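Okay, so here's just one chain, in structure tokens, the form predicted alone.
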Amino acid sequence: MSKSLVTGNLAAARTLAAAGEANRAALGCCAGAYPITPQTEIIEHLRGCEFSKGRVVAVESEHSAMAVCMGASLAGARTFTASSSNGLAYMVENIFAAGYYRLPIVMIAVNRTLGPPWNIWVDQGDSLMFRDAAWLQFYCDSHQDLADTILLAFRVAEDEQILLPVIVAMDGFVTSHTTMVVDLPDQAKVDAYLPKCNVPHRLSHAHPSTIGGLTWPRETELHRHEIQQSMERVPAVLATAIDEFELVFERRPAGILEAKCTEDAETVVIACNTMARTLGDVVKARREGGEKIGMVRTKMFRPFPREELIAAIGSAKRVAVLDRNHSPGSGGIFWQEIAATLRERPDVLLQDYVVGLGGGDVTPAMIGEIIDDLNQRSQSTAPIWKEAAA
């Protein structure tokens, strides 16, 4: 590994390029490319890469970028792309199709607020609109976590027990455009870690076949059930991928979720991405003040880690969820999943806090106010909106 001071976008691009090059002894790599702020730098860097076997295809829209990925993956190539916000929305038809085709595409989603009104700052509504698509989803809290997760994503997506595409999400600008020191993967180690990409149902002149033809209801039911079974196998496959990552890179990446100080916690706060890093500082300070508080960083959103989350919360009686997203008429999207997960824990007071929409700051002071509010509650209410101070 070589330590470099890079932006999140550059860390993502270099890791994608190394993963693509690692498939040169097989059927190579391909990326569909179309720019949109704040992910454009990823595509720009990939366009400058010279692959031994592969290419980056510049197209006229995000819809076509995913179409290129689908075609390349159906040909057996290791395939990847990146997008944000309304670009992801323009891809929506092909994103669903890629999942249902069981294509192991890896896409970087640089979270940005959906418009209108137009806003270039972070909000997770863009990637979370695909919560019902047949895609795995991971949310990264740092540049290093991002680079590591991209490699894990290829390893899990291409596993023949899974064969589903993966979204790897990071916060727009907060991660994409800031710089941190990152251990970027050496090509030799990426080669050792990632096996040759094998798409079993790839198109072949020797065995002509039809992809995506018309089926009867029973076949569709079986198809969806097979996807569910693949999702249920993800935790075990990911655990193996993490173990082997540690052997190759001599560092253990974060897995499904991260729990801190939850063993004896009476109050637990749940967050993801860079909000979790801020939350960690608040929890540490409160712990030093004698407060029994813990935190959980939710990294894997699909499949949703229900059993792992229940275990992480432990005996805590109060749980707050920080949601940088919003489902109109309902509330935070992570909160909805966690509420369903805790349906057998009526002893837990679960409260949702909608924070940081449209890139609003989620500060230590705001998180402190949320903890104070939670600790004085005797019952939960509808989601509470916390707006950043002007």
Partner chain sequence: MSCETKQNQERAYCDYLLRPGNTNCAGCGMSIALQWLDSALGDEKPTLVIPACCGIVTAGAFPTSGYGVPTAASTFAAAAAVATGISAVAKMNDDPHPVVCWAGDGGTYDIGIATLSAAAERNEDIIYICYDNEIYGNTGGQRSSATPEGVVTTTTASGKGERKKDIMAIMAAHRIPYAATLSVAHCEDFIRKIKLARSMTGFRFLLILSPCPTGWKSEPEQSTELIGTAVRSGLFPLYEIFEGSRYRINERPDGTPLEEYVKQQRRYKNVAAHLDPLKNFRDEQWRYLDGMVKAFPATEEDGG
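The structure displayed is predicted, hence computed values, not measured ones. Residue numbers count along the first chain shown, from 1.
The form predicted together with the partner chain is left out here; the points below concern that form.
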| query | finding |
| --- | --- |
| 4.5 Å heavy atom contact, Ala339 and the partner chain in the model of the complex | no |
| Contact flag, Glu160 vs the partner chain in the model of the complex, heavy atom cut 4.5 Å | no |
| Contact test in the model of the complex: Leu349 vs the partner chain, heavy atoms, 4.5 Å | no |
| The partner chain contact in the model of the complex: Arg55, any heavy atom under 4.5 Å | yes |
| Residues Ala192, Val237 and Thr240 all lining the partner chain in the model of the complex, heavy atom within 4.5 Å | no |
| Candidate stretches 292 to 300, 256 to 264, 306 to 314, 89 to 97 - the one whose heavy atoms come within 4.5 Å of the partner chain in the model of the complex | 89 to 97 |
| The partner chain in the model of the complex - contacting residues of 49 to 68, heavy atom within 4.5 Å | Lys53, Gly54, Arg55, Val57, Ala58, Val59, Glu60, His63, Ser64, Ala67, Val68 |
